[in-house]
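In structure tokens, the next block holds one chain alone, the form predicted on its own.
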């Protein structure tokens, strides 16, 4: 600083210092989906921008995210959605990005948002809506067991924990409330939360939202959930079957409708039939997350992974038609098969493509 003062002269140095003091900056947290297998994860890094500057194309080392080799390591980030950063506050933002090869035109092979974009471009005229129910489990990093489980032991059997109240039934509510507030402040389409069947297991819902939008909002909500886990010193797990034995797994039940389904029951039936057509269940299950066989056992409110069924008010079916939908003869369906660790872009793309083709 002294050398700069001497080289510039006192007046020019003071003028430059005044300009620098008046420059306002903000932080843009770039988010993207990595190439981790078998379950992709969200990554982030921070860019400091001058007030008035928009977050532009950036990049990162794909060899450190399972998306490139060291001799050709660059992966391009293209901002596609942004919202307020509710953790930092102020003018700071979160920036959801798609990943591209360095030609800036070819989506990276792990860019699943591109699949959702393609599905929406093809069948968006049917106005598909999604509501995703993201279940997750809070893990005590000291014991490695879900919150509420005694070290190396088990709590009372499941039953009183679902939507429960009280210190003996509920564990982690402060983190849930913090996460909910952050999602609201970010402008995400969070529509509810509840305690789930196993201690330490919770759920939040995103929607209604479109094919691409629901993935954007859910991935950012996951990011905020992991950040809340850092604050409360709990690990957030979206594993499909975090506890073996007589405990419910963790899913991402997918509520879905098109305009035709919201107007008549024939479209509801046609949607269910299309999801059970030859070869379709296998295609969907391949994109519904890791650990399908462990979770979809035919028990704990699931249909078996190798069977397909649909029915009114049946939580043991692959596809549940809510009783109100049956009564109103219009509405939506719930695909109960996706795992908690499924990629929402992939799930939304599959549902939009399959049902969209059937109703076209």
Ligand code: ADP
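The model shown is predicted, which means the values in this text are computed figures rather than measured ones. Positions refer to the first chain, counted from 1.
Although not depicted, the form predicted in complex with the ligand is the subject of the following passage.
Per the 4.5 Å heavy atom criterion, the ligand in the predicted bound form is contacted by stretch 127-135, the sole one of 147-155, 86-94, 111-119, 127-135.
Just one of 98, 213, 239, 203 comes within 4.5 Å of the ligand in the predicted bound form, counting any heavy atom, and that one is 203. Only one of 304, 315, 27, 45 lies close to the ligand in the predicted bound form, with a heavy atom inside 4.5 Å, and it is 315. Remark: residue 191 counts among the residues lining the ligand in the predicted bound form, judged by a heavy atom distance of 4.5 Å or less.
In the predicted bound form, at least one heavy atom of residue 331 sits within 4.5 Å of a heavy atom of the ligand.
In the predicted bound form, at least one heavy atom of residue 256 sits within 4.5 Å of a heavy atom of the ligand.
Mapping the unseen interface onto this chain, residue 107 falls outside it, with no heavy atom inside 4.5 Å of the ligand in the predicted bound form.
For the three residues 207, 262 and 320, a heavy atom within 4.5 Å of the ligand turns up in the predicted bound form in every case.
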